[in-house]
Each structure stands twice: as structure tokens, then as C-alpha cells.
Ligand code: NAP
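Listed next as C-alpha cells is one chain, alone, in the form predicted alone.
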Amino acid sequence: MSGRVLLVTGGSRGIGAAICRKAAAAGWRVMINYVADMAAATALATDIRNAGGIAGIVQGDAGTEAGIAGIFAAVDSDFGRLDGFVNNAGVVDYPARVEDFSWARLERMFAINAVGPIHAAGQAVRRMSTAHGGRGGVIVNMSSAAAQIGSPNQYVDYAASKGAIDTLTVGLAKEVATEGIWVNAVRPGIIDTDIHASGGLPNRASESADIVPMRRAGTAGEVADAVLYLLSDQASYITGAILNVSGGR
């Protein structure tokens, strides 16, 4: 992977940070996107550099057109190429039933989890597709087991937004299959990261272990391992696939 450039949206914490660390260790030059926590992104980039890797950081809201434009402009400026894109930025909200969702909640959820990722994938294609003069590349979208389960009485809106990611993955993979790009997704299950706290359920991972066939929550590193496989040349004949990393759930 020496010399190849990887962009990870939402890369400063949780699964995104684990992907950045493992990708850098595998030889990728990594651009870490963050939206608010500059200290976390800076610390992660410093750790990667201290381990001999190459990393940059870029602030930008991956749920807005302007934010996405700025993120990709920084990749162009700092690295001059793009070979891999992990469409990772996402949010949850507090548990609620569908009839109690506000319009503002739905707008935020779909802007960050669906509209933003679709637009960002398009920006990645513009840079990687051989039809646009690119060298080809890899896109890995971050879906969720919620897309299949539906998350009733908790996050049906989140589940629906991740269902859109599944559809994006299949459709885009077919659209660019002859342009040197393969597109896949990972569906994490219950993973022990701080995203649960942002939805008001800080102990959700440990408290949900009994509903997972493997009887434990997954780790960010385990999801990152799956993403790194899909980014690697070993996955060169895989496109349009969605890999469950959910402990059998």
C-alpha cells in the first residue's frame, strides 16, 4: 500500500480511528477527517507519525456540501491523489419511536448518514475513476446491522439511513465496475465505542451482549480489520458486497 492515500471521514474516534491506525500500519498515507474534536484528530495523527506512518487531519462536516468540498480539497492539496475512501462519518440520536421523531432530527440523521455519504462517494469517484482520468481505487461504506434489524423503539431513522447506505453500495458498485473502482460496505453490529453515549446509552454495548450470538460486543479494531481487508488487493474481485461484522446477530 506504500504511497496510496486513504481518506476516512469521522476518522478521529471509534471505528474511524481504528481504521486510520491499521491503515497507516499497512502503509497507507491517511487523511483523518474530524468535525469538532481537533485534539483527538491531532493526537491520532501524532501517534501514527510516531509509529512511522504518514497522516494529515482536516476539519469538515461530512453532512454538508461545503464540508465535503473542503475535506476533498484538503486531500487534493496535501496528497495530490486519492486511492481509498472510507465513508465512515455517522450519528445516532436518543431512543424514540417513529411517531416522536422531529423533522429536525430526521434532517440531521439523513444529512449526515445518507445524503452526505452519497455526495462524498461521488466526490471520491470523480478522483479515482478511470473515466475521469484516475487510477482506480476502493470505497468502503459504513453501514450497520440496524439496516437489517430495523432497530424498533430505538433508532428506526438510523436504521433507515443505513439501509440507504446498503443500496448506495450495491448501485454504485455496478455503476463504476468498469472504471477501476470496487465498492463494498461493512455492517457492524453492537460495537463498544463512544457512539452509544452520544445517543444517551453509554452502557449499551455491555448491556446488549446477551442478544448477540457470540455473547459479547465487538471492538472497533475488529471492524477495522474487515475494512482493511476490503481495502486490500486481496479483495480485488469483490464489489457490491456487504460484510456483516456483528457476532452472528
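Note that residue numbering follows the sequence shown and begins at 1. Every value quoted in this text rests on a predicted model; they were computed, and no experiment measured them.
A second form of this protein, the form predicted in complex with the named molecule, is not displayed here; the remarks below concern that form.
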Report whether all of Gly53, Glu222 and Ser232 sit within 4.5 Å of the named molecule in the predicted complex, measuring from non-hydrogen atoms.
-> no
Heavy atom of Gly90 within 4.5 Å of the named molecule in the predicted complex = yes
Answer for Arg21 alone: is it within 4.5 Å of the named molecule in the predicted complex, judged on heavy atom distances?
-> no
According to a 4.5 angstroms non-hydrogen atom cut-off, is Trp28 in contact with the named molecule in the predicted complex?
-> no
Answer for Phe110 alone: is it within 4.5 Å of the named molecule in the predicted complex, judged on heavy atom distances?
-> no
Please pick, from Ala185, Ile190, Ile181, Ala45, the one residue with any non-hydrogen atom lying within 4.5 angstroms of the named molecule in the predicted complex.
-> Ile190
Just one of 141-149, 76-84, 121-129, 172-180 has heavy atoms within 4.5 Å of the named molecule in the predicted complex; which?
-> 141-149
If we check the named molecule in the predicted complex, which of the residues in 225-249 reach within 4.5 angstroms of it by a non-hydrogen atom?
-> none
